[in-house]
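One chain comes next, on its own, written out as structure tokens in the form predicted on its own.
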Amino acid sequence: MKKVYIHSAVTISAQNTFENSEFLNEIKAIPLKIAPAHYPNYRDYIAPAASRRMAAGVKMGVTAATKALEKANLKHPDAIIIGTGMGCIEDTEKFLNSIIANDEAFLTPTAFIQSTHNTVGAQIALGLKCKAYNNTFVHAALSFESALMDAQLLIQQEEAHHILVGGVDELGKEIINYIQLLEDAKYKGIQVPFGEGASFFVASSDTEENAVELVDMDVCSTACQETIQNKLKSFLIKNKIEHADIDALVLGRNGDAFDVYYDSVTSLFKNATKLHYKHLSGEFYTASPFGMWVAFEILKRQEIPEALIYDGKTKAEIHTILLYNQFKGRDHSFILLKR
């Protein structure tokens, strides 16, 4: 089977990660409740007339995707694959509010049409005039992982050569308040605010200088701590990787009670540098691709910003990184990257 390589990685996040050539050199403190993204200058990527009609998630997605393609020197991908947990929630809120305000009568369909989860992928394809395979996965906290796995399979089966794959979520204006009320009632709150962002990657079967190999990945919907340990051991054995070969662990810690899963995993890796990132991005369904952007930049630059280090010392050379993410004890994912 063909190997899969990541040629470029771009993210729009709560930090200044899009227009800044430095790697998390200036850390922005994020608010307690929500972590809105640091929006770039959209005029450089989207016509103002079109931008006015786009929700935040669409603008972030189109802009991040455009820059990811530019970095990979690619004009037309063979496939566009998106993962999103909430989709275009802003337009969903607009449509639901118009239902209430108009007593379910005289409704304009625009907000409903623009609220569909595949709007981001469609807008990217329209802008590129790309008629290739276009798919959107809505699998909660495994949305991006499902998109990445689809890209991996397409390349391995030689059905596509260059693929644009990403994860996008926006905060919305109202639904986040309801989610936080449910969080407080059910889980007694979480320690990291809810965030938003867009992260895009170009995956290919071609190897290039500074490309990062996507060695393998695996997902699991439900698992106890012991089960997830066993699954991780099997995952490493399958890929002929020893525990000592992992130079850094990128973990989705967010400060809630389910961080015990990360504790059980880190206990297997005594010498790896343990990293975290959700205190910089906030927590949301597609926060994990921000973690993958972090891993890509570390392997490419061979440096780890101080803000990412949770435990351990930085190694002189970093060759292999393991990413592990879960959400409320569900939707577990492993991604193995190699320089």
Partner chain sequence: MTELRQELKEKIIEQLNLEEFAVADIDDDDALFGDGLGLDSIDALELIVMLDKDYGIQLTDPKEGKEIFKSIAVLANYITANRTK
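Being a predicted model, the structure only gives us computed values, none of them experimental. Numbering follows the first chain given and starts at 1.
There is another form of this protein, the form predicted together with the partner chain, and it is not shown here; the text below is about that form.
Visitor: Looking at 249-257, 196-204, 213-221, 99-107, which lies within 4.5 angstroms of the partner chain in the model of the complex, counting heavy atoms?
Guide: Within 4.5 Å of the partner lies stretch 99-107.
Visitor: Which one, K33, R43, K270, K313, lies within 4.5 Å of the partner chain in the model of the complex by heavy atoms?
Guide: By the 4.5 Å heavy-atom cutoff, the listed residue in contact is R43.
Visitor: Quick one: of A244, L182, I237, I113, which gets a non-hydrogen atom within 4.5 angstroms of the partner chain in the model of the complex?
Guide: Contact with the partner chain in the model of the complex is made by I113 alone.
Visitor: Could you tell me if K59 has a non-hydrogen atom within 4.5 Å of the partner chain in the model of the complex?
Guide: Yes - in the model of the complex, heavy atoms of K59 and the partner chain come within 4.5 Å of each other.
Visitor: Hey, in the model of the complex, does Q302 get a heavy atom within 4.5 angstroms of the partner chain?
Guide: No, no contact at 4.5 Å.
Visitor: Pull the contact list for 52-69: residues with a heavy atom within 4.5 Å of the partner chain in the model of the complex, in sequence order.
Guide: In sequence order, R52, R53, K59 come within 4.5 Å of the partner.
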